[in-house]
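One chain comes next, on its own, written out as structure tokens in the form predicted alone.
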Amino acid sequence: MGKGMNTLHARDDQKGRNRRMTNANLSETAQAMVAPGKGILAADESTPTIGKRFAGIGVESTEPLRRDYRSMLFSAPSAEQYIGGVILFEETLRQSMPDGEPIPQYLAGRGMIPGIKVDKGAKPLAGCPGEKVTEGLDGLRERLAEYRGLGARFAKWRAVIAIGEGAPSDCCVHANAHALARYAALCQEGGLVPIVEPEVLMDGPHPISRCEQVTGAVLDEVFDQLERHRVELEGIVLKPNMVVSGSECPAQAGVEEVAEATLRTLKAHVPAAVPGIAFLSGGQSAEDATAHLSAMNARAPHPWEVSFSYGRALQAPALAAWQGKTDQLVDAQRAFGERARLNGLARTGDYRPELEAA
């Protein structure tokens, strides 16, 4: 065998070793994000979205106030006991804590893995009235490299699927699953764990059975596309909706029915290789999201960690307590810490509604 061929084989062997090391690191990070008793804080609201949240409590949305509010959440006592990762908006990824320490480094130092929302939002899908596809793939490889340099160790991309008359269409489901897979492949190439978020919206009058049917079909297409794009399932976190009744459905499914339908769907459509499932709250109240999660974990064991990745369902009590006032930061941190603790209990099936009053 010639010297050139030996060199080629050596390069191939090194590439193989590098890939195995990368895969192992991604798997380790994914597992840490959904470690037992922990979940993910979604603090990645866009500037317009957090502006609406602030407006709801009569607070102007300015860059310093957004930083102060999020810093308050991140520095809440004992947060690291229940929060394994934090999804940041790009503005926050570049900000610092009040003492000047960059936020990603601060989070990592407390054992909360920093991540970044990378999609550019859901836009109307041509040819499919009322349906949307998430954009943001252009230039993503370069952005991911920059975000990793700033300290991010995972990323998030959200696809939205609406249920309605004639919806979702096959076109919508395929387009969003394809984009999720391309995003996930780019993340893993760049050393970041992708959170794969296909959200079947709860808007509408449909019964829980329709949500179950659509959620299963969407998950099938998503995992088909992930396989086609050679995404390593051991290095992702799935962030799906729970299987619930439509928000306008007259007959709302109870906690036990939601837990049973959701687990039945996941076991039929989510491979066991996935380290963890971190549910979005999707418009549920904080109490409902926690109760549903706890009921699912009361039915353990499962093939994957069954966790949470909540935004409003974790932040709403803190936002109400804060009111934009510096002298109420401690009360807001206490409210956030209690919500995080209750979801930590839900991770083991030990949450009870009576704990809310306590």
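Note that residue numbering begins at 1 and tracks the sequence as displayed. Just so you know, these numbers come straight off a predicted model, no measurement behind them.
There is another form of this protein, the form predicted in complex with a small molecule, and it is not shown here; the text below is about that form.
Comment: 41-49 is the region of 62-70, 26-34, 296-304, 41-49 lying near the small molecule in the model of the complex, near meaning a non-hydrogen atom within 4.5 Å.
Not displayed here, the small molecule is kept clear of Ile161 by more than 4.5 Å at the level of heavy atoms in the model of the complex.
Remark: Thr215 does not count among the residues lining the small molecule in the model of the complex, judged by a heavy atom distance of 4.5 Å or less.
The small molecule in the model of the complex is approached by Gly311, whose closest heavy atom lies within 4.5 angstroms of it. Using a 4.5 Å cutoff between non-hydrogen atoms, Gly190 does not count as a contact of the small molecule in the model of the complex. A single residue from the set Leu280, Val231, Ala259, Val222 has any heavy atom within 4.5 angstroms of the small molecule in the model of the complex; that residue is Leu280.
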